[in-house]
Structures are given as structure tokens and as C-alpha cells.
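Before any questions on binding or motion, here is one chain by itself as C-alpha cells, the form predicted alone.
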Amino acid sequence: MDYDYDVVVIGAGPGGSMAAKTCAEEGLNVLLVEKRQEIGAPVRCAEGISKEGLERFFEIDRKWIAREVSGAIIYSPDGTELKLSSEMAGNEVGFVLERKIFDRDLARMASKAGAEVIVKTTATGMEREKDGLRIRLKRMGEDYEVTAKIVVGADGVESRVGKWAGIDTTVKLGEIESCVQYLMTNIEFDPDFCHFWIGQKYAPGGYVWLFPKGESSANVGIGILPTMTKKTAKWWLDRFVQEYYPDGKIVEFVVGGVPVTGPIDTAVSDNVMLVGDAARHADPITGGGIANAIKGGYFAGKVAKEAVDAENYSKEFLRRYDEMWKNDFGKTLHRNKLLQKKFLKLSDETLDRLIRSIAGYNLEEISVKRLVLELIKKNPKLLWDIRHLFT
């Protein structure tokens, strides 16, 4: 059978556009579909990514970067500060992006490589068509269909592609962070650092973040687990803002959910691969997912090429994609899920004690692994049960 496309990618976030770009560069016939009128807007994340996360795949364009930061400062509930260098602070600091520009440029790269990109188009259904798929699309009120050998679902937390394909991406109660973020101006902070406030005092089951966008503007947001508080995320954020930045001006307001399930068993089915939030690739500790989405999109593109060459679109063949993301960042997702479970059980007093135990330590000389081992060394009774995660 002749198909309209080798690959249809649903969703033009970083994961979807990266998948489309990679497929097109490999010579595949690709359609990239975005439901929103404008790629990259509205922004639905804190926009942080490590330098390595970008430099691994792109030559950095400075217009993507709102702010380059040198590290992170973590504040315990009693206000004790812990400074981390960018190398140590995890995969969410280094650059604060301008997602509206970055996402648009990434989709443009996919287009330049040969992908067909359409916006304001929604995928409304998908069904099997011989050894491929028929995808129903709706654009400007008009329904129509296309066929493809492979569909890459990059359609976010509530992925319909995953449901249509029967991939188990179930999010259990207590495994999705409720998030609210303000873009604020007229606030004072150290713009060379991302800032994080942890503990039940600030954000039950999550944390408050401040990601600099300029000298006096920043993304100020919060993620909480609704199972741990009866108040809404907005209530908690408003309380924080009133206390710390009462004179700040809110110029943008976004809400969303971030799945923190840890790695799922598989992100593939016959003819289908999932990337980004659709594949539950957000980090359970930080909630960040841009870097993993980009990597997942790249891996999916490479495997799509192999599948088209082999004329084999079975889930058994596409499990190569599972192997690639699991070998790259799957173990970290698993480890950080276990860490998240551990830290959710700690009281604010215990968090204060942990942060105080290493505050002032020369952290620039050690790695994240060494940092946690140092915490275990200084607090063996508290953290003995997680020592195996770092050995």
C-alpha cells in the first residue's frame, strides 16, 4: 500500500519537532501536526535546560536564551541556603530558554530538513490501515484523513495517541504535579542562579521555583501534589508571592500538570512511539522534561528510519526506541522516582537538618552522586535506605 507519509508526528513541542527534524534529515517523508495556532505559545513550563541538554544536539543560537545561569540555590523551610554549581544542580539549570522562540525555531529546522508542518490542526482519531495507520485530522472545521507507516505521539500529558494505541501510560493518584507559573517583573533576586524553595511550608509534594528571564523578571512557579494538600497550587503560589515579592507585577499566567510517574514499561506499540510528557519522560524530582523530550524525539526519529528501511513497524521492532531512551535517561528517571518517594516522607524539620548538614560545603568539587553520598555520610540513619541507588 502507498502511504501519504512515512511518519506523522502529533505535537510540535521540543520532542515532536525533534522527531520530525530527525526523520526528515534521514530522508523520510514526514508530517508534523500542531493543534495550536502558534508553535511555542502559550509557554507551559519553567523553560530551564542544562547546557549539555542543548549542546548535545544544537549549535546554540543566543536568541533562544533568555538568561544563562551559573547554578542553583536551594532554600530549606527554615531559610538555610545551599548553593550548587550548574554541573551539580541537575538537568534543569544552565539556560533559561525563550520557549516561544526556541520551539518555533526547532519546528522551522524540521521544515527546513523537509518535514511538512501544519498548525491549528487537531488529531481526532487513529485506526489501523493494513500494516500502517489512518489518522483523522481536523483543520479549520474540516475533517480529513492521512495515512502513515508510523505515528510519533508528542501530544503531551493527556496523550490521545497513547490511548488510541493502547499504551499503558496510566498516571496514578498522587503522580501528577499540579503547576501554576507567573511571569513576573519588578522583583529582586540573584539573576545568576535559579532558585528553589522546598518543604511542606512552601509546596506540599513539590517546590517553588524562580527561573530568571532578566535582571528583574523571572518565571515564578509552583508544583504541588494535590493528594498532599486541600489548597490549590495557585493558593500556595499567591501566598509565596505575597510574602517574597509583594511588589512584583504578574504579566503572564499559565497552569498545567506534570506527570511524575517515573519510567513506564514501554512507550511503543505497533506503528506508534511516544515522546516527551506523552511517554512520561519528565523527571520525578525536578518535573523538568525539555532535555529528555529532545533526546526522545531524536531516538524516535532514528528508530523510525530503521523501521522504514526494514519495512517492519511492529512493536517488537520499535522496542529499539525503548532500549535507547532507557539506556540514556531511563535509569535516572527510575532513581529519581525512588528519591522522590523518599523525600516526600521527610518532614520540614528533617529537610532543614539535611540542608544544614552540607550548607557551606565546597560543592563545586563534587558531583550530584557525590552530593547525595555526602548527605548519606552525614545523615546515615536518615538516608541509609537509599544508599544503594548511588553505588
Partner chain sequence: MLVIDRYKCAYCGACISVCKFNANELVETFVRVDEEKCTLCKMCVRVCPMGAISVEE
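Source: prediction; values computed, not measured. Positions refer to the first chain, counted from 1.
The same protein has a further form, the form predicted together with its partner chain, not shown here; the description that follows concerns it.
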Inset, instruction - Would you confirm whether the three residues V157, S178 and R280 all fall within 4.5 Å of its partner chain in the model of the complex, going by non-hydrogen atoms? - result: yes
Inset, instruction - Please name which of the stretches 142-150, 243-251, 179-187, 286-294 has residues with heavy atoms lying within 4.5 Å of its partner chain in the model of the complex. - result: 179-187
Inset, instruction - Work out which of L210, A233, V268, M126 lies within 4.5 Å of its partner chain in the model of the complex, going by heavy atoms. - result: A233
Inset, instruction - Quick one: from G257, P191, G205, P77, grab the residue that has a heavy atom within 4.5 Å of its partner chain in the model of the complex. - result: G257
Legend entry - 4.5 Å heavy atom contact, V171 to its partner chain in the model of the complex: yes
Inset, instruction - Check whether T227 has any heavy atom within 4.5 Å of a heavy atom of its partner chain in the model of the complex, and answer yes or no. - result: yes
Legend entry - Exercise: K163 in contact with its partner chain in the model of the complex, heavy atom 4.5 Å: yes
Inset, instruction - Give a yes/no on whether K51 approaches its partner chain to within 4.5 Å in the model of the complex, heavy atoms considered. - result: no
